[in-house]
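Take a look at this single chain, the form predicted alone, given in structure tokens.
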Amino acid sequence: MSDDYRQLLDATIQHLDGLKSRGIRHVAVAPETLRALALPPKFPTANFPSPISKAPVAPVAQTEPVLSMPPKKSVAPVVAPKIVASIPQVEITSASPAKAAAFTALRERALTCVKCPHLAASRTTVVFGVGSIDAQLMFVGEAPGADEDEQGEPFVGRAGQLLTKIIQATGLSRADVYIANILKCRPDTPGQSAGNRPPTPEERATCLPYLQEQIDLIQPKAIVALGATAVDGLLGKTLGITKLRGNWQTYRGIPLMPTYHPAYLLRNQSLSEKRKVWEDILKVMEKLEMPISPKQRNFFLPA
């Protein structure tokens, strides 16, 4: 190991120790560094002692660096990995301290996940979930979009704003329910400056255990699956969302209501389609024994 690299490594460790002492538990690393972590450490041959060295050099035991870097193409000063941002601390509260602690530990594991290297390299942050972990009602969507990836919270874009209105129409707020996605990272879109893509079956299978643990800890009394990707990811159904929506299913012993994704209602704003989704939500309210007013029952019905 060269003196330059050793000095860099010591400085990096000191910097991370400083962050830790200030209560920062995680740091996000530049995408190129994450990609390099998947490769075996390499060092330029110029950094190793020459075989004709005058004094014998004791062999150095190879250790795994705390933060690996891409191999240099030429002998040049080593550039430290760029720490782009720290992940903010979020206090998770519950009526059960043990439940809150387990949920916090789960969140910390998810925030540092690199099981899908291509997603870890392209994401801004992991979008874990938001809401009450004591909620009776849970909404599950597809995957974060650009707005969610930037803000670190699910359903904050146009579709998310519509979901918020649907939740408020029931008499609840986002803080009263829990909202999560099948995928915790935004699906990468190489070569595209905008747009989204659905998660692949492999990505869904890799990320699903995090959602399953969330559901097992929250134990909601009902789940609403928003859109075909969420329904397929949870139930593995192939009937299609059009045939499944409005019909109760079961997931991990919990009643599950499939319905259209809010993004669908943004594309198709006919009164009849809005009514279909609202009828699904009314069934959920009835399942949870929530009060339903005549006004709520008549939402989106023709005048």
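Keep in mind it's a predicted model, so treat the numbers as computed, not measured. Each residue number is its position in the shown sequence, starting from 1.
The same protein also exists as the form predicted together with uracil (URA); that form is not shown, yet it is the one meant from here on.
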{"query": "Contact segment among 129-137, 201-209, 108-116, 143-151, judged by heavy atoms lying within 4.5 Å of uracil (URA) in the model of the complex", "finding": "143-151"}
{"query": "Check all three, T170, W278 and R297, heavy atom within 4.5 Å of uracil (URA) in the model of the complex", "finding": "no"}
{"query": "Proximity of R245 to uracil (URA) in the model of the complex, heavy atoms at 4.5 Å", "finding": "no"}
{"query": "4.5 angstroms heavy atom contact with uracil (URA) in the model of the complex for Y178", "finding": "no"}
{"query": "Partner proximity in the model of the complex: K274 to uracil (URA), non-hydrogen atom cutoff 4.5 Å", "finding": "no"}
{"query": "Neighbours of uracil (URA) in the model of the complex among 226-262 [non-hydrogen atom within 4.5 angstroms]", "finding": "H261"}
